[in-house]
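One chain comes next, on its own, written as structure tokens: the form predicted on its own.
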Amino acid sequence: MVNKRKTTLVVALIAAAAVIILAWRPTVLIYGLQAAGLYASIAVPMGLILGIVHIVNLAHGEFLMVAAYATYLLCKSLGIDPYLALLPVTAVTAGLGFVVYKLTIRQTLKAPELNQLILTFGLGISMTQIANLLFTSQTRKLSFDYVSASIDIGELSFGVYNFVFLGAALLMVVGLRWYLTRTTAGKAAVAVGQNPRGAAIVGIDVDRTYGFVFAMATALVGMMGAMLITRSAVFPTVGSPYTMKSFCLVAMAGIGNIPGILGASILLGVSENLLKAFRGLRGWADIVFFVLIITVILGRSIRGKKA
């Protein structure tokens, strides 16, 4: 009963804040939701890996970068739209993720967590340096007319294209939830994430499940890399900031809480755009996620002591 009241209170406060922001400056909420969609759609695959494989992938953003470069090359060489390149790029990124898992990640699953962090950090640095050698640090950008689409509602005018990322995030959350709760393979993955030894005893191939989940997560990151190129320039370190933000969002939501990542992303996106609404505070928008993650960790620590 107490938890229900707390949940109701939180929902009521969020709804009230949304109404106030919408009445005061609607673009804060609009662009906040658009940013949240981008953050969530990139963070959810990291949450999937952490929740089932139990490893923090610090090369997460570099897989995004590889997919963005692959999409750029396909679009330039074949003259196609990124959304037509999305399927082959997603498949290639999934294959890359599976190979990386088999050759490296698999070898450290039973090693100390620090070794795992160092491994994925090293993978990320290596991928960035290879991109530097192949493409240099020069930024590359493709332009598409549909990205500048906007809507006018009275005196309010705002871009609408970035809502595609919110749609992608929602589909990702709903799709993964269905997969993990409704399919045999998904239920097996959940069982492996909860108790790998017990799952192995009942006949589930743990290593195969880990490899499939890692490949599926990198495929989702690859899909977002193909979509990212429609709104962002491509360069070797383009994915690095998303690794940190994704990790913070997963930590805020809690391990295994895929829908919670979307909620945390909305909080982050709206908070950033709220600060950007004030000219003197715009420079602080980039550190909002650090403040949020520290607040969440401290809050959980305090609740844990009380319990």
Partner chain sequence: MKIRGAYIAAAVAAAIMIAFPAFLGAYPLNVARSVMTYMALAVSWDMLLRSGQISFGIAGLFGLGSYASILAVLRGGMDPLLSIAFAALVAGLVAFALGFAILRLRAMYFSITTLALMEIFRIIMHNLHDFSGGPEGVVLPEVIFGGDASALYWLCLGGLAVTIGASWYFERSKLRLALTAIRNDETSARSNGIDIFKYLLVAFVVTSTLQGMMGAIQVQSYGFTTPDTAFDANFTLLPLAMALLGGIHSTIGPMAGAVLLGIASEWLKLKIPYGHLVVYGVIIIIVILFMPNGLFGLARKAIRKAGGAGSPGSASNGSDAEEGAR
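Numbering follows the first chain given and starts at 1. On a predicted model such as this, the values are computed, not experimentally measured, just so you know.
Note that the form predicted together with the partner chain isn't included here; everything after this is about it.
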170, 173 and 271 all contacting the partner chain in the predicted complex, non-hydrogen atom within 4.5 Å: no
65-73, 36-44, 257-265, 52-60: which one contacts the partner chain in the predicted complex at 4.5 Å, heavy atom to heavy atom? 52-60
Using heavy atoms and a 4.5 Å limit, would one call residue 16 a contact residue for the partner chain in the predicted complex? no
Can residue 88 be called a contact residue for the partner chain in the predicted complex at 4.5 Å between heavy atoms? no
Determine whether any heavy atom of residue 195 comes within 4.5 Å of a heavy atom of the partner chain in the predicted complex, and answer yes or no. no
Would residue 122 show up as a contact with the partner chain in the predicted complex if we use heavy atoms at 4.5 Å? yes
So the partner chain isn't shown here. In the predicted complex, which residue out of 78, 202, 153, 103 has a non-hydrogen atom within 4.5 Å of it? 103
Taking only heavy atoms into account, state which residues of 124-159 are within 4.5 Å of the partner chain in the predicted complex, ordered by sequence. 125, 126, 129, 130, 132, 133, 136, 137
